[in-house]
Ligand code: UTP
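Shown here is one chain on its own, the form predicted alone, set out as structure tokens.
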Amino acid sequence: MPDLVRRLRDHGQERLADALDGLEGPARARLAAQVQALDLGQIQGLVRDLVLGGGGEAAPGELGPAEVVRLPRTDADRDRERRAREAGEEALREGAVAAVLLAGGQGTRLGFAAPKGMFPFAPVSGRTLFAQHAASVEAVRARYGCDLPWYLMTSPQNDEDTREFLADCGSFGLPPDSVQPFVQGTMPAVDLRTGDILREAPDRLALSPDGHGGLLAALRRHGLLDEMRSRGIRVIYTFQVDNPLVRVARPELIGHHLLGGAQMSSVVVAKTGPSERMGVVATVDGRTAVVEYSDLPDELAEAREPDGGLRYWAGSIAVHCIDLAFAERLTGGGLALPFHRAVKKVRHVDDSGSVVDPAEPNAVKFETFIFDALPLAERTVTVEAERGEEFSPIKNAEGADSPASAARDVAARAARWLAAAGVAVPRDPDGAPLHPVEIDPRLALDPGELAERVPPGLVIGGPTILGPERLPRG
């Protein structure tokens, strides 16, 4: 124990050293175990660069628009898309793809005191985000006759609740051994002014998830990269829990990724305007990167092409294909994703052990972002998707990107698919579907599949759910 206290002092954490030195018995052992797990040299460097150094991160280098595989508009485009779809479907049938859901978030901003995946988003059935993604996984497995292993990255804060929910819902009808949660890593919060590591209790550090960039390190730490290698996986398909419209293991993206020889690929949609708060895929010093909306100067965010369109239009929807070999190289000790700072309010205890509940942001949390792997890839592919078909995130309690906007978009997509299949959909004066409609992914993953399976003589006379007779619980 004296060695651990000395190490803390050597790395500029005198207050935590004093706190540890002042504890006894089990409390001292609990705090010591947490401290032992820290990379104190790494934290000292982060405090120096991101806290005491003024907190500024390096400004983006020379920016340029990304090269994007645009939505098909010509016969040549449609032929390219067909070849990509066929390549992706072949990879799925071969069992070369794993689906990884980033599900570490809580529903706090929605006023929902549970993992965000448990949020009941659906306009008719009230099904949860977890149930929606599970149905998509099941549908892909059935369509391509593949295993498509499903991994869910949780956080320490929601892992237990997520596992209990999966068990209570019977893994939504999926074989339980094909659904594998794993926990992402954590980093300690530090004082915004001093860089001191904070404690949430006298014998516990104030730890928080290390960001979605912790995905690859967590996969390695839990032995899942090795498991994927043994299963013949070549492509890791990642997606976010808060997007009910997401296409899980979309074959076109997988195919473009494989045919392009990419190490990492991304999906983008056209931004609604220059001020939309989403990162854009661009080039930075000639390498593909995601530039956060807060890092894109106004003059660039508003820059236009000769046709009037935004120059930086390609908004990232946080869907990626990652080559397994690339993930292994990134986590093999030679490369690491950079940390970013997030200034937050963090409840903690002071030197006397009294609880401090700050009224203003008082701490820095350190996070990594998965998209920071893009500039490390020698070859990337970026593919455009239609926003109304694949992107409607639930992030805010009200307004844009809220449960209400997602319910609207879910119903609007279902109505478009039904209309394309020849089903009359009653609409209000603004053209929106008069009744909410849901299409279970296990009935149809796209409009063409729905056209083949829509019940004959279907009439939409009220709120409607189309899908298997027995919906998964949850």
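A quick note: this is a predicted structure, and the numbers were derived from the prediction, not measured. We number the residues from 1 along the sequence you see.
There is another form of the same protein, the form predicted in complex with the ligand; it is not shown, and what comes next is about it.
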Next on the checklist: To verify the annotation, which of these, D196, E138, D242, E252, has a non-hydrogen atom within 4.5 Å of the ligand in the model of the complex?
Outcome noted: D242
Next on the checklist: Exactly one residue in P123, G105, G279, P188 has a non-hydrogen atom within 4.5 Å of the ligand in the model of the complex; which is it?
Outcome noted: G105
Next on the checklist: How about R231 - does it come within 4.5 Å of the ligand in the model of the complex, if we only consider non-hydrogen atoms?
Outcome noted: no
Checklist entry - G315: heavy atom within 4.5 Å of the ligand in the model of the complex? => result no
Checklist entry - Could you tell me if G88 has a non-hydrogen atom within 4.5 Å of the ligand in the model of the complex? => result no
Checklist entry - Hey, in the model of the complex, is K116 touching the ligand, heavy atoms inside 4.5 Å? => result yes
Item to check | Among 140-148, 379-387, 233-241, 164-172, the region lying within 4.5 Å of the ligand in the model of the complex by heavy atom distance | outcome: 233-241
Checklist entry - Which residues from 167-185 come close to the ligand in the model of the complex, meaning a heavy atom within 4.5 Å? => result Q184
